[in-house]
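Single chain ahead, by itself, as structure tokens, in the form predicted alone.
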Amino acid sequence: MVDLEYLKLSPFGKFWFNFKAFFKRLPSSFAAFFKAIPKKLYSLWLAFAGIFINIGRAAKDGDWKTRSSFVVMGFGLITRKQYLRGILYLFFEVLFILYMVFFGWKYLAKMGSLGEVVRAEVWDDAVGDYVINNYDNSLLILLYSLLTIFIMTAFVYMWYQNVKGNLLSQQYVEAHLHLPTTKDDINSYVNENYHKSLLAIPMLGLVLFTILPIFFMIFIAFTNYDQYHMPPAQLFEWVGVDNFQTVLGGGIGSNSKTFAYTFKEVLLWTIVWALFATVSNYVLGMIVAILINKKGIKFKKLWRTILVMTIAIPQFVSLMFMSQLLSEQGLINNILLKWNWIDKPVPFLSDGTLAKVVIIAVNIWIGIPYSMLICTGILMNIPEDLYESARIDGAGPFKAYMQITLPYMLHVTMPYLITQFIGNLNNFNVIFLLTGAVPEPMDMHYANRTDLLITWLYKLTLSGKQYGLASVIGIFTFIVVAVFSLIFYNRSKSVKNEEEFM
């Protein structure tokens, strides 16, 4: 459609056209996302090639001090009086060797089998009694092996930085340039490189408490870790892609087919829930903010205060209260029965379809205040001159909303919308605290009609103890969240037209 025809459309027609165009572009957006992957891999390969080129240059052009640093880290730096850098590199190498000899290697050597000796009581002639044998623990073997791999990766990186630093120091000496002293290094790390010093501990925490658990989950997905293989009493082992085949329906037996069906149903409801929960809260919250912000409305501070007070109540309390209120023995059903409006309790939370509607409605009640607060702040910053010009041109309230308010709000709040969508994909509280394990069990794999992927994961691990399959679900959840968030964010006008909007 040419621009002239687009401009002739009504406000609703423009909205509908943009809505359809967005979803028409989704396949091409997905294609562009995956098409860019080879280019990224090629750039990564060039970066790796540069590393080997630098190592080869150090081996070829380096003097005996630089070459010695291939074995004794920091040796060349120490001999060139860069004591702080050299001692730190040497200290790291000594720690790495001690860790590998006394701890890391014994776990890494068992990573292929994940252990062979099961926990048992054996007779000890020395004490004349049964004692616990020196058994293996598959979980610890996998965890510490993965930690060792991370430490080895860090060592390789530090070794490369050591080689590159030694070669650079040699080049400084050959060019008769000033070599940074220990005092210069200290001043650097508290001045121009202060950000590196400041981020060192947070980055270490990120690796240990975020990245390492993610990789641990990925590794668990390739094992048969479940209730029948619980270390240390039983050992689990590698099973390849069997868990992935089970989840996707390609495994052997009816268990795989039913699991695949459950996964499809839960995934579909998760996406539908995230869309409805995000859009409903955003639109209704914006409408409430516009109504309160409208000229002539009295007691604006009172209405805002009431809505803010609802946020002050812990969500856990609100959801548990609504769960009791809407149960078959709850207050609402008792009142309806007492008034003879119904013959039997309404299954607000026990019927799968009705429970989904109730969950979305309760989520609107909980989420509107948050959206209202965000939209209120933005509405106050929209220039009043825009509305004055629209009124002069004969635009009514609806047209002004579609042409001014909504585009402005969407541009500013698109990152917030994406964040809300991702949060709703993983919204454990609303689903679990309202319905728990009540609505229409699917009679398979601990899932119910209202379960999201995140609540199903919880049940698989807590009740079913199917950690391998749960890890596969976790991987797919991560993929869905990552792909949707990257595509929606990169395709949004907030990113593409950031400087052109105003």
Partner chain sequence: MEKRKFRSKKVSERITLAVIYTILAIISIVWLVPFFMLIIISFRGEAVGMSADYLFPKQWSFDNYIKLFTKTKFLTWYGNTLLVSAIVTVFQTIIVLMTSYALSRMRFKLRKPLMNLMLILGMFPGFLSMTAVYFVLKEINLTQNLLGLMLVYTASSAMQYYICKGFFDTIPKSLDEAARIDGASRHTIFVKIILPLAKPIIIYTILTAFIAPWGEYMFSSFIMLGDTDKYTVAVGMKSWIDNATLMSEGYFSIFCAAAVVVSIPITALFIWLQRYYVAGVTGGSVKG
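Computed from a prediction, not measured in an experiment: that's the story for all the values here. Positions refer to the first chain, counted from 1.
What comes next is about the form predicted in complex with its partner chain, which does not appear here.
Look at 259-267, 291-299, 238-246, 382-390: in the predicted bound form, residues with non-hydrogen atoms within 4.5 angstroms of its partner chain sit in 291-299. Between the options 79, 403, 350, 426, the residue in contact with its partner chain in the predicted bound form by a heavy atom within 4.5 angstroms is 426.
Between the options 96, 144, 135, 172, the residue in contact with its partner chain in the predicted bound form by a heavy atom within 4.5 angstroms is 144. For the chain shown alone, residue 180 is not a contact residue for its partner chain in the predicted bound form, no non-hydrogen atom being within 4.5 angstroms. In the predicted bound form, no heavy atom of residue 58 sits within 4.5 Å of its partner chain. Taking the partner from the other structure, its partner chain in the predicted bound form has no heavy atom within 4.5 Å of any heavy atom of residue 446.
Residue 471 belongs to the set of residues with a heavy atom inside 4.5 Å of its partner chain in the predicted bound form. In the predicted bound form, its partner chain lies within 4.5 angstroms of at least one heavy atom of each of the following residues of 308-337: 308, 309, 310, 311, 312, 313, 314, 316, 317, 318, 320, 321, 322, 324, 325, 327, 329, 330, 331, 334, 335, in sequence order.
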